[in-house]
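Quick setup: one chain, the form predicted alone, written in structure tokens, and binding and motion questions come after.
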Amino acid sequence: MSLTTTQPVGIFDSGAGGLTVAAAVRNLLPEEQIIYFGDTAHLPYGDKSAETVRRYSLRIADFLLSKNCKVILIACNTASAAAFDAVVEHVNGKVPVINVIDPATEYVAANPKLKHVGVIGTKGTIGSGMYPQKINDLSPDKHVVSLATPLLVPMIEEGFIFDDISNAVVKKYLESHELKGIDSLILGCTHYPIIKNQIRKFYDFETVVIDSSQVVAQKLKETLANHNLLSTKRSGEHQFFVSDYSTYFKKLAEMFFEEEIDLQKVTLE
């Protein structure tokens, strides 16, 4: 069965972090209908095994396919590192699949001004070594350092933003010796743009902080265009699903999308 322009875009993440990508997609491609799945029952993904993340990701991919999505965007760095290849193989060419790591690494590699690059992310993402490997494959002259920052996702999911607790946690991580002397910092988790201004403030707004949501949205646009799947008119309302109901998720989604949403809980078997 051939894909059509009117089918929705499927996006998933372990929780609310992927909303940063979904909002960027909505802003760049307002004619696209978005179906978003947040696996809130299993977050954070960062401390799960790669095998477990792959299992969750394949279930979600099946759910998005059942919703007739024309593309699957993995808006989670941990799942992108652990499960991208498995999802591509699983969907078997039915729809294009996009991850959030490749667009960010391509952007950094192509920017000659970025020479000493830091990456922060979950244990799963940093442990995979994907960011340094992919950046150096494209641009061997760049020096890339990484730091796992596992407290940030649960902190953000619990709503600790721009307060004494979050400021202390952010400061503790960014003062780490691993990140000394960097000229740029990749936010290697889609939750982190929510605290982007806190991070920029720590660096007195002098270090380039790279929020991959914009380049990922652009990658989606290019992918849809290449497959002749760009929509010219939105075919339905955006839909939001979670595996465990969260009032914070609903509040955050409504903030990003500037509209009231109907958040639906679904259990994936």
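Numbers follow the displayed sequence, beginning with 1. The structure presented is a predicted model; accordingly, all values stated were derived computationally and were not measured.
Heads up, the form predicted together with a small molecule isn't pictured, but that's what we're talking about next.
Problem - Selected contact from I186, I135, V87, V153, since only one has a non-hydrogen atom within 4.5 angstroms of the small molecule in the predicted bound form - result: That would be V153.
Practice task
Determine whether any heavy atom of N99 comes within 4.5 Å of a heavy atom of the small molecule in the predicted bound form, and answer yes or no.
Solution key: No, N99 sits far enough from the small molecule in the predicted bound form that none of its heavy atoms falls within 4.5 Å.
Practice task
Flag L64 as yes or no: does it have a non-hydrogen atom within 4.5 angstroms of any non-hydrogen atom of the small molecule in the predicted bound form?
Solution key: No.
Handout entry: the small molecule contact in the predicted bound form: L43, any heavy atom under 4.5 Å
Key = So L43 counts as contacting the small molecule.
Problem - Interface membership of T105, the small molecule in the predicted bound form, 4.5 Å heavy atom rule - result: Heavy-atom contact with the small molecule at 4.5 Å: absent for T105.
Practice task
Would you mind picking out the stretch of 45-53, 220-228, 207-215, 240-248 that comes within 4.5 angstroms of the small molecule in the predicted bound form, counting non-hydrogen atoms?
Solution key: One stretch meets the cut-off, namely 45-53.
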